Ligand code: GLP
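First, one chain by itself: the form predicted alone, in structure tokens.
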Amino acid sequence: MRILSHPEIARIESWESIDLVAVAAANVILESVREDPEAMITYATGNTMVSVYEATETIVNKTDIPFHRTRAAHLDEYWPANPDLDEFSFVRYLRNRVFKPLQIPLGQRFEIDGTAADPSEEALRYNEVLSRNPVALAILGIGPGGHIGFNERGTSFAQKTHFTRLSQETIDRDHVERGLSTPENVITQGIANIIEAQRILMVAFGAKKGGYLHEALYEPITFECPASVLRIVGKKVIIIIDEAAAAELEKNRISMTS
């Protein structure tokens, strides 16, 4: 493991493999639960997080860490999306990979309703949930344009939970690169919700994500790169990446200064 220095971010760890990144990220999650057994945790979804949640489950099964007392939120959900019918539903993903394996009771799971008739009203409802349940740890990935959650380029840092249309870049990633028939609209926690968390964990694998991180960490702090907001609250941010992402991050940094 290597520590990468950054003037605004509390800690950036680079690990030799995805498996080691997953264990390191799982340990950050478990640390939050040890500190507060009733912690409210915001969970990200996507391919990056699969190994992280598998590692978390493995460790929990070998210990007595009381995940059954924690509370769980999540970053975003497609709209419309029915977790009982739609494989792309992020609620479905979290039920299968987090809520059930970690034995988080139904009454302690706060889900965005992708079947809501009025998605804007659902966004307001979910924002109220977050206001009543301060988040101890927000888990993030990073996507095209430096988006976090589904906060795309141009999203204000003051934006709270809202209903929005995805950028064409993200739509193409889902439809073309991944071959998914996902909706083009979403309900997402806003940037303001994310940065209110007591601690923020970002996880990224691979050169492409390293490129996104470079923009967030070394180019201007701007609405055009939502993840750049992490530098404003950097003292509570931990970023864990693999060597492929680190190599891209460092290469791009060198090219900027040469």
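Each residue number is its position in the shown sequence, starting from 1. Remember, it's a predicted structure, so these values are computed and weren't measured experimentally.
This protein has a second form, the form predicted together with this ligand, left out of what is shown; the following refers to that one.
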item: Close approach of D84 to this ligand in the model of the complex, 4.5 Å, heavy atom; value: no
item: In the model of the complex, G114 touching this ligand (heavy atom, 4.5 Å); value: no
item: Partner contact for T45 in the model of the complex: this ligand, 4.5 angstroms, heavy atom; value: yes
item: Proximity of G146 to this ligand in the model of the complex, heavy atoms at 4.5 Å; value: no
item: Listed residue (A123, V98, L75, V135) with a non-hydrogen atom within 4.5 angstroms of this ligand in the model of the complex; value: L75
item: Sole residue of R173, H162, R92, R153 within 4.5 Å of this ligand in the model of the complex, by heavy atom; value: R173
item: Heavy atom distance at most 4.5 Å to this ligand in the model of the complex, all of R199, P226 and K235; value: no
item: Proximity to this ligand in the model of the complex (heavy atom, within 4.5 Å), stretch among 218-226, 47-55, 23-31, 62-70; value: 47-55
item: Partner contacts for 158-192, taking this ligand in the model of the complex and a 4.5 Å heavy atom cut-off; value: R173, E177, R178
